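Below, in structure tokens: the form predicted on its own, a single chain.
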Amino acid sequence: MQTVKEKKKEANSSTKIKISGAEAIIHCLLAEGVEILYGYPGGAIMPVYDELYKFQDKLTHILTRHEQGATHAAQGYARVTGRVGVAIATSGPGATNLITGLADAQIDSTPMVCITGQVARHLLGSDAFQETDIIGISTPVTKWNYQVTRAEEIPEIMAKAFYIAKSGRPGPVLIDITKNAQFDELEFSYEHCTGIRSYKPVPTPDESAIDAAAKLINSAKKPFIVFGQGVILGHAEEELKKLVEKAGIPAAWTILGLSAMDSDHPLNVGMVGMHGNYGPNILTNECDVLIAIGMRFDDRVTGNLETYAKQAKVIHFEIDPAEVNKNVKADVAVLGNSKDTLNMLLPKIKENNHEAWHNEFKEKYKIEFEAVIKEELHPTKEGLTMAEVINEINNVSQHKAVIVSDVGQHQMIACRYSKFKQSKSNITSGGLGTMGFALPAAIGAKMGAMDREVIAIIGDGGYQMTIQELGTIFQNKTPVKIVVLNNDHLGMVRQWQELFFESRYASTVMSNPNFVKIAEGYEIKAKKVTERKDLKSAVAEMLASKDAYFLEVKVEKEDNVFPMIPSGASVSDIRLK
């Protein structure tokens, strides 16, 4: 009888072997270089789990405590490594629990393949136990999905899934596999997918568009770059730096673009958007050429589109044609991978130094520092601020940590004040704004970057949405660091209620449990800080730990995040208080 190792060796060659559909799935994952996947077993996916048991020396399965946690862990892994994250679940509720993670990955362009079990083909449409039309449900939130009903389909569909997930603008793919297809046998061989008819993931750059972009940039008096995650996904960090330095152009980032450029670079002028820095927002409406690189003009960045950068010529570097002219009309659209298009642009750019223009950003920063930053970093009041916690983490980690933030006030503070020297260091839920994202995403990020410190920054509300994933940390001894900034409120909603709903705090006050005891129940080292004098030593102790560590910091209950652009307002209407 053929051993498992002999079968695997044959599966990686062109030789056809006869195996079950479930085993074929494992061979496909191995052929794609998958080393780790996250999931939760159940009846309709049990044949695959049986094969995972046999291949556990080659493929690590991480049992999360909820299927949503599996998707966010896969996202964290994908974001820190640049590889495809993999999650697996059973049919029915197992499959539907993946939807939030799929939607998050779709809008944030995260490469992920989700595999779900399904009832047998002859039961489809009969409302069988745990049958759900996951293909219909997931269609709006996936880049592609497919239901496999025959074992012989598995190799081709799995190859397509990985190719689609990682090519062009990345995204999530869901493959639903009926139970009969998992049990039935097939003649297995595997070929990597290298192309699909009618699917062109990367547009061919147009030389004339590059020339037009260069002409505008070279003649600009007040050029301004806004870069997003497309720079990171396109591996174009070095090209961006060369462009910024050669042309002397101030550059700002979206929250998903953060870490593509060294935080301390003199031409890095900060964050744009609703809670971004004062200068980049105000001066968006004063630049004469706006150069958008790998960003999609999200409403949180633009504010009121009727008043956004109307004075400027807009150049949009973008891999996805659907994003061009969707929100902001481009005078020049440069389609293609950002690394390729910036490399084509660089020889055509003249060396320049827009010193006077850059000084305008410096002046605006001084205004913001006096009005907001000074008090946040060096508060005169007794209570701790979120910003001073992030600043202390920066100091101890020396700007080298991966920061995984959840969603809310702490997210905006983490993005505003975290400092980075290395790309792929800021992981957060951008477009969907998923509370509960950070804890499982930090688990995946740590497993993808064991040589780096990974710190989850979470609010007391979002933490409790996926707090069960402490069990995943406990079981796998994952040395992730968890910081909960506890203000006993759903802070961002409370801020809006204060500013726009006359301080009617409807359902935003939180009665929280003893977080330290909960962490200790999972055998995780834990500490609580309530006074400023204890903060520095607590952060140092946390980062010195070789094991998982939980740190709760009690912060001011009614601190607000400023600057702020009110919803629907112009970027010029940004408020400092």
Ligand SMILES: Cc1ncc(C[n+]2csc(CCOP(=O)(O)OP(=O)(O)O)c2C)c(N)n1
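Numbering starts at 1 and follows the sequence shown. Since this is a predicted model, take the numbers as computed values, not measurements.
The form predicted in complex with the ligand exists for this protein as well; it is not shown, and the discussion that follows is about that form.
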- May I ask you to check whether Val493 falls inside a 4.5 Å heavy atom distance of the ligand in the model of the complex? yes
- How about Gly230: is it within 4.5 Å of the ligand in the model of the complex, going by heavy atoms? no
- At the 4.5 Å heavy atom threshold, is Gly459 in contact with the ligand in the model of the complex? yes
- Query: Within a 4.5 Å heavy atom cut-off, is Gly248 in contact with the ligand in the model of the complex?
  - Reply: no
- Task: Sort through Val407, Val269, Val389, Ile225 and report the residue having a heavy atom within 4.5 Å of the ligand in the model of the complex.
- Result: Val407
- Note on the structure: Partner-free chain; cross-checking the ligand in the model of the complex, the single residue of Pro321, Pro379, Gly433, Pro93 with a heavy atom within 4.5 Å is Gly433
- Item | Interface stretch in the model of the complex with the ligand - options 276-284, 310-318, 485-493, 395-403, non-hydrogen atom within 4.5 Å | 485-493
